[in-house]
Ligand code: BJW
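Heads up, the chain below is alone and in the form predicted on its own; it's given as structure tokens.
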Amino acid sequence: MYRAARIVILTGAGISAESGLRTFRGADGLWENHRVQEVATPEAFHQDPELVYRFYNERRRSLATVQPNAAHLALARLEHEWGGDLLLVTQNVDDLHGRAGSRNLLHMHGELLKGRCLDCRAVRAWPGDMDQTSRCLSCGGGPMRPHIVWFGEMPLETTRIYQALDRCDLFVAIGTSGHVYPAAGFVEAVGPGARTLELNLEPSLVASAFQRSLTGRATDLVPTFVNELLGP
């Protein structure tokens, strides 16, 4: 059904929501009655670093309470069994794709379980809590911040992502809202002749730009899609 050698897959908050992780843009998107703009911008970090640290510490701890779901596992299976090139790009900062087994994976908005030095910009694994006393081990004392792309900052690996989009034969977006750019514009960046597919709980804001759009739970749609692609 889908003839492709090179695949790019984009995932958003919808795929992790089915594992029980809260999303910023869902009905329960507030955290302790704070708007995202109060905890997810460089200005917020400058004005109230203690609040921002607490926010990401809580989110980091929440990862221990959830597991990869059938959609994460299906995408990992696709990577391992697909004969062509596959790049998985996620807007999510959780580690569920990695725990499911995906390896050719780009976290364009950063990762909860990593920290970044404000002085030398080194990125390090950081599974525990972080606060204003946390210091970088690479440069010997620089202060650490969450390795998260906040609103107003540039997403990571964009050059590599756009190169893959230009070369791909199939682009699939899963669990995305179509609110956040540049990811919402990826469907317009694919090369000529590429097929495009959206799998979402409900149509995204950019659903009309896809050649095909299917609605339903990611845990239902993604395994079915992978089975169709891999065949019997």
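Predicted, not measured: the structure shown is a model, and the values here were computed from it. The first residue of the shown sequence is 1; numbering continues from there.
Although not depicted, the form predicted in complex with the named molecule is the subject of the following passage.
Contact with the named molecule in the predicted complex, defined as a heavy atom within 4.5 Å, holds for exactly one of Leu86, Met130, Val93, Cys136, namely Val93. Only one of the listed residues (His34, Arg167, Arg59, Arg195) places a non-hydrogen atom within 4.5 angstroms of the named molecule in the predicted complex, and that residue is Arg59.
With the partner omitted here, the stretch from 75 to 83, 96 to 104, 151 to 159, 119 to 127 that lies within 4.5 Å of the named molecule by heavy atoms in the predicted complex is 151 to 159. When the named molecule is considered in the predicted complex, Ala17 lines it closely, a heavy atom lying within 4.5 Å.
Contact annotation: Leu201 falls within 4.5 Å of the named molecule in the predicted complex, judged by heavy atom distances. The named molecule in the predicted complex comes within 4.5 Å of a heavy atom belonging to Val180. The closest heavy atom approach of Ala218 to the named molecule in the predicted complex falls within 4.5 Å.
Contacts between stretch 107 to 141 and the named molecule, counted in the predicted complex as any heavy atom lying within 4.5 Å, involve His109 alone.
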